[in-house]
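Before any questions on how it binds or moves, here is one chain, the form predicted on its own, in structure tokens.
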Amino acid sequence: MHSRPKIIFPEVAVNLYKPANPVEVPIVDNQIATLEASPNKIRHITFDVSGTALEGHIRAGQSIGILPYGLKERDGSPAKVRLYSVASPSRGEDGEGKLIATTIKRVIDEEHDTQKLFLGLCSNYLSDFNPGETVKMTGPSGKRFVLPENADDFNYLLFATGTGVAPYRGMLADLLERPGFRNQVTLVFGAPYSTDLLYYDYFREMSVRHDNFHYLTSVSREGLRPDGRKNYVQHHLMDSQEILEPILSRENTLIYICGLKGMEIGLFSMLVRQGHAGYLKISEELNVKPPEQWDTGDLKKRVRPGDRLFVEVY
């Protein structure tokens, strides 16, 4: 059993640019991030922040804001800023903090009640831009969903769905490229289709280059589990115990969860069922009830992340 080190949170810059005073930056690259034939349109977009206060002051795990200048919300009010996780390591895409990237999924959906086509305001606004065009940016945002200052003291278990994998692209680079870092890191990434496994080649290459990094995937819409359920990230807590149990059992392991709102509920439930309730804060009222009797309402209202678990859902 390893002792539990204290988590030292780094001092990070926040709100260098606010919505009332954004900075204008150019896009230098805009490319598809999915594999071929994906039904979803997800883009990796890179910005040049050189010469601004953002240069060299964005940590992996933080977010930047995009202000859809000139557009209106559905109620007719001026468009509000949208936050997107930075997909770059803390040194930037270029190694100098001048180029940063994010991951954008075009939102193209249908209104449930009216059956009218619904287009995500900022996701389509941003995806339409070509290199050389400029956008108004705010940020950075976020203080807690970052690696500790004493990152070498911990093992890491990272869960992601969809574009929630964006911050881990940068965080993994920060960790695995640290001189002498030998602790265990596992990324569990879930997507609806195998073609939506973002940055697949990058993560696979990292798993080959670093024997202390494991890359596990869950594809929910291509085949079912033996019990008829879809495959979700939490099922790896059962299916990949030989990899995950040794990490989870250590006192110096941190869990990060990022992706669609609601994904954390399945993970909370499975952590408890697999004997790892110590990562959670569970109300006394719920503790007297057997875990197999907990319902979604119990998990939403009476379970919270513990000190070693960090959640960023949207």
Ligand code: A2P
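Numbering starts at 1 and follows the sequence shown. Every value quoted in this text rests on a predicted model; they were computed, and no experiment measured them.
Unshown form predicted together with adenosine-2'-5'-diphosphate; subsequent notes refer to it.
Picking from 86-94, 71-79, 134-142, 227-235 the stretch near adenosine-2'-5'-diphosphate in the model of the complex, with a 4.5 Å limit on heavy atoms, gives 227-235. With the partner removed from view, the residue among Met270, Ile255, Ile247, Met263 that has a non-hydrogen atom within 4.5 Å of adenosine-2'-5'-diphosphate in the model of the complex turns out to be Met263. Residue contact check for Val165: none of its heavy atoms lie within 4.5 Å of adenosine-2'-5'-diphosphate in the model of the complex.
Although the partner is absent from this view, Leu187 stays clear of adenosine-2'-5'-diphosphate in the model of the complex, with no non-hydrogen atom inside 4.5 angstroms. In the model of the complex, at least one heavy atom of Arg221 sits within 4.5 Å of adenosine-2'-5'-diphosphate. Although the partner is absent here, His214 lies well away from adenosine-2'-5'-diphosphate in the model of the complex, with no heavy atom inside 4.5 Å.
Shown here without adenosine-2'-5'-diphosphate, the chain has Gly190, Ala191, Pro192 in 176-213 lying with a heavy atom within 4.5 Å of that partner in the model of the complex.
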